[in-house]
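Okay, here we've got a single chain as structure tokens, the form predicted on its own, with questions on binding and movement later.
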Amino acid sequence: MSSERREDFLELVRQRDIVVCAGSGGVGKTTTSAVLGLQAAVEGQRVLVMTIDPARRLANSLGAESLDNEPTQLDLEGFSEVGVRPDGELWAMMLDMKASFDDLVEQRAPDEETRQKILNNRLYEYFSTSLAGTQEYAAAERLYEAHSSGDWDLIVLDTPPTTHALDFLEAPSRLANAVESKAFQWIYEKELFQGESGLGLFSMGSSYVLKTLGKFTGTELLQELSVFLQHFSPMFQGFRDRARQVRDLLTGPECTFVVVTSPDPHTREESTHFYDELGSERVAVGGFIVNRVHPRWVDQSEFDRPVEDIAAAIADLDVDVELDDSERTQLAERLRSNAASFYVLARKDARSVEQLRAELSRDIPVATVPFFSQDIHSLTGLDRVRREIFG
């Protein structure tokens, strides 16, 4: 990648408050998030990397035993072993959506009794852990809180795998719409669940309806629903207000998205679809990072070299392994075949990257990270990726 393109990526971590890494599953978003955060820390910034990756790879990559729902400062002394001496601070956290919702209730419930009734409610348990969009909402909620605190020069967010880039962007609004649905509001506004028992249906001449529903759902479930709506409904407007604030933040000048992909044609097509989606919503896309690109190690002319020449070169190597002529010939044949296979993959990946560049606006920088024989789970590996992106 040219020095100009590397400078573009440096500007991302220097001039933005938030960088959101988006992309399909398995393309290296977690590693990319860690690398972007590391680069900012190298330049003296106080950085927070937020992830919802369940495999906890981020903690392993950064040399931490574990991460939880609160920011943890990482010890960067180990990077001195690879020649890197960060002047800033790098913090990381593993988002826990249940804990994030519990914090939300703690902040917005009017009193301790209401707070406990919500937290102990079984429908709230489902709402805060399993309802579609809650993971993305929890991430957006914590992102907004972290940004509002003013404690960080840069926040890097690792989003969950998705087939649509807007899933994360629109999750807060969708969740707010869900809890404000006409069905929920009708139940609540009609006071169907009023009275000492919390089930006003009994006093409305509708006991037959309730008993009929009870055969299918059980009155216990209706009681749970009563408590949930009575105590959680007053917080619905807060959800909508925060959803609007989060969206304004993600579409504002403080934030940019980095789309992470691979040279695989299907994944590349998904990434350009993300790009189009984000553009339609006027969301800033600061760059693309293509991971696991096979490098072209040797020129095609090397494949025409006689096996005997390669075997002779192996014999000249200063190694402790003793091989006879037959074994060296077999090894030479395997090496030439393997190099040819990688050459084919390298050409295929190069064409894919060029096609990606052709489909993007010319001002969007594209960084490529080579295919490594092992997953990145060490400080050395993170620094290798960092140097590929930033030089």
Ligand SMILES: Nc1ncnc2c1ncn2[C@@H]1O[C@H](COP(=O)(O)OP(=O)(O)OP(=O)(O)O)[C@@H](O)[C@H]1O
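Note that the coordinates shown come from a computational prediction; the quantities given were computed from them, not determined experimentally. Residue positions are given as counts along the sequence shown, with the first one as 1.
The following text describes the form predicted together with the ligand, which does not appear among the structures shown.
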Of these, 23-31, 42-50, 336-344, 359-367, which stretch puts a heavy atom within 4.5 angstroms of the ligand in the model of the complex? 23-31
According to a 4.5 angstroms non-hydrogen atom cut-off, is residue 273 in contact with the ligand in the model of the complex? no
Using the partner position in the model of the complex, report whether residue 292 sits within 4.5 Å of the ligand, counting heavy atoms only. yes
Residue-level contact is defined here as any heavy atom of the residue lying within 4.5 Å of the ligand in the model of the complex; does residue 375 satisfy this criterion? yes
Any residue of 344-363 with a heavy atom within 4.5 Å of the ligand in the model of the complex counts; write them all down in order. none
